[in-house]
Structures are given as structure tokens and as C-alpha cells.
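One chain follows as C-alpha cells, the form predicted on its own.
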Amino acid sequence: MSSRPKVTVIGAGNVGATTAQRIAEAGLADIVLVDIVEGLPQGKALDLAEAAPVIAHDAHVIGTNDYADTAGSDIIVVTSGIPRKPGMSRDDLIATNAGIVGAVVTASAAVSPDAIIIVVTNPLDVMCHVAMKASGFPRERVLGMAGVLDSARFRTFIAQELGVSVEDTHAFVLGGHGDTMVPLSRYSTVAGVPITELLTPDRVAALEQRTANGGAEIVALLKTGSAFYAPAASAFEMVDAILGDRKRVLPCATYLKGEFGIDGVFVGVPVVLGRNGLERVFEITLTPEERVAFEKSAAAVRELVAALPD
């Protein structure tokens, strides 16, 4: 193997394959794409490898059904599980995906004991609990990709509403990855100006609502699957922050130990991401209304965790 870092992507569906593509094409790491379906990861990996001469990168991409090939990974991205269908909430996936995530994390963590795990499978916050238990890893090395995606959606809607570049929009979304997420509009800005100064309260509320329903909106349009380009881009941003030791401040699902007054549950908060994974939780002051919404979101996650099969 080369001296490049090694990233394992579990699940060769749309999210997994697109995440692998972004990582490889950026030259960030060598990729191992794993799936239970024989031939699927091998075929997608070969296809990605054959794009390398055109894109001009030298990252190695292999596909496998054997976790032995993932040994020594720096990062494990977990995308395996069943996606949502129209009319399903993320929570409807819980029992099936808990079994899948528990099994794949147990197998991959055993051969990559120093890896950092990024969970993408829904229901996201609950699957982080499953991954932490299955791996036995400390909280610094188990993170959920949700806040980056939710914030990207919020930023998209803000830019479209105001007719400005997405590069100049910044957004913060806290809480669980679901209907109870908490878009923080007064921390969401265009070139440093809070959107609450630029838009009427009802337009701000409409954008917050559309952000919370962002995944469902795409599921309803596609009818046969769920979003994958933006989730893959968001997972890639986390991988890039970790491998490059960039100390990026990104909202991620994190196991809180008293921060924000919450203990013992995975919920989305801003964190500093670097080579060790979670380097610190970035605590910000919440208004009483925001705190109530955030605590409600954490309580919703806690309820789902309690419903997990033993």
C-alpha cells in the first residue's frame, strides 16, 4: 500500500460510492469500498479506478466483501443500511439499521482499532450510539455526519432566498438529525450579517422549516431512494478536516458529557475536528427558546436510544 492515509467506506450504495469518489478524486486517501453484496463494491471500485487517469489522481480504490482488506484504516465511514422510502421517517429504519451498523462496526473496528468512525446511516444520532457500543471507541473517535449536511441545506436555501453566493452564507444547525433539529438563525449569516437582520421572521421560519424537512423533500421527489450528493459531500468535508488536521469548526453528532447541559446522548453540536477526531466541543450561548428546542431534540434522541433492541 502507499503512504497515503486509508479510508474504508462501508456500503457501496449511492452515498458510499459518491463519498469514495470525492475522497479519491481529491487525492486525500486510498479507499476500500466494502459491501455485503458480492461484486457491487468491486464493480464500483473498478469503475472509480478507471476514472482516475481522466481526473488525474493516484489514489488506490479497491472493492471487497472482506473486512480483512480494511485493516489499518485511519477513518471508517459507515453508510450501510436501508434508505428511507416516501412516507417513512428516519426513525422507521431503527431496528433494521441498528443490526446492520452494529455488525459492520464490530467487524471493521476489530481490524482498525485506531480508526475514527463517521456514521452516516439513519436514524443518525441513534446509529452513533450503536457504533460507539459496537466499537468500544472513545467519543473522540465516533462522530455522526448530520449537522454539516443540515447546515449545507440551510445555506443553500439562504443563498437562493437572498440571491447571493453560497460561499458567503454560513449556517448553524444543532440537535438531532430529524424533525426536531434546531436551525440557529441568529448564528446564520451572509458575509457576517445575521439573516435575522436581512429577512422577515416569517421568511426565516420558512427556511428553518424547509431545512428540517430537507431530506424528506428529496425522498418525496426521488420516490425510490434518498439524497446522496450532499450527504457524500458532507462526509467528505469531515474526512478532509480530520486527515488534514484542519481544526475545522463543524456541526457533528457528538456524545455529550455535560456540554450544553446535556449528558450521555449523541446530538448535533459544533465541534473542532482534527487528526484526533473530536478535539473539543465548541460551546455557544443559547437563548431560552433555543435551549428549550435543543433539549427537546436531545430528549427525542434519548427516547429512540431507549427503544433500541438489546
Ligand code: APR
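The structure presented is a predicted model; accordingly, all values stated were derived computationally and were not measured. Quick note: we count residues from 1 along the sequence shown, nothing fancier.
Note that the form predicted in complex with adenosine-5-diphosphoribose (APR) isn't included here; everything after this is about it.
### Query
Among 97-105, 162-170, 203-211, 184-192, which stretch has residues whose heavy atoms lie within 4.5 Å of adenosine-5-diphosphoribose (APR) in the predicted complex?
In short, 97-105.
### Query
Among the candidate residues 37, 284, 55, 46, which is the single one with a non-hydrogen atom no more than 4.5 Å from adenosine-5-diphosphoribose (APR) in the predicted complex?
Spelling it out, the residue with a heavy atom inside the cut-off is 37.
### Query
residue 20: heavy atom within 4.5 Å of adenosine-5-diphosphoribose (APR) in the predicted complex?
So residue 20 does not count as contacting adenosine-5-diphosphoribose (APR).
### Task
With heavy atoms only and a cut-off of 4.5 Å, decide whether residue 118 touches adenosine-5-diphosphoribose (APR) in the predicted complex.
No, residue 118 stays farther than 4.5 Å from adenosine-5-diphosphoribose (APR) in the predicted complex.
### Query
Does the 4.5 Å heavy atom contact test between residue 255 and adenosine-5-diphosphoribose (APR) in the predicted complex come out positive?
Because no heavy atom of residue 255 falls inside 4.5 Å of adenosine-5-diphosphoribose (APR) in the predicted complex, the answer is no.
### Task
May I ask you to state whether residue 12 is within 4.5 Å of adenosine-5-diphosphoribose (APR) in the predicted complex, using heavy atom distances?
Residue 12: contacts adenosine-5-diphosphoribose (APR) in the predicted complex.
### Those residues of 71-88 which, in the predicted complex, come within 4.5 Å of adenosine-5-diphosphoribose (APR) by heavy atom
The stretch 71-88, when checked against adenosine-5-diphosphoribose (APR) in the predicted complex, contributes 79, 80, 81, 82, 83 at the 4.5 Å heavy-atom cut-off.
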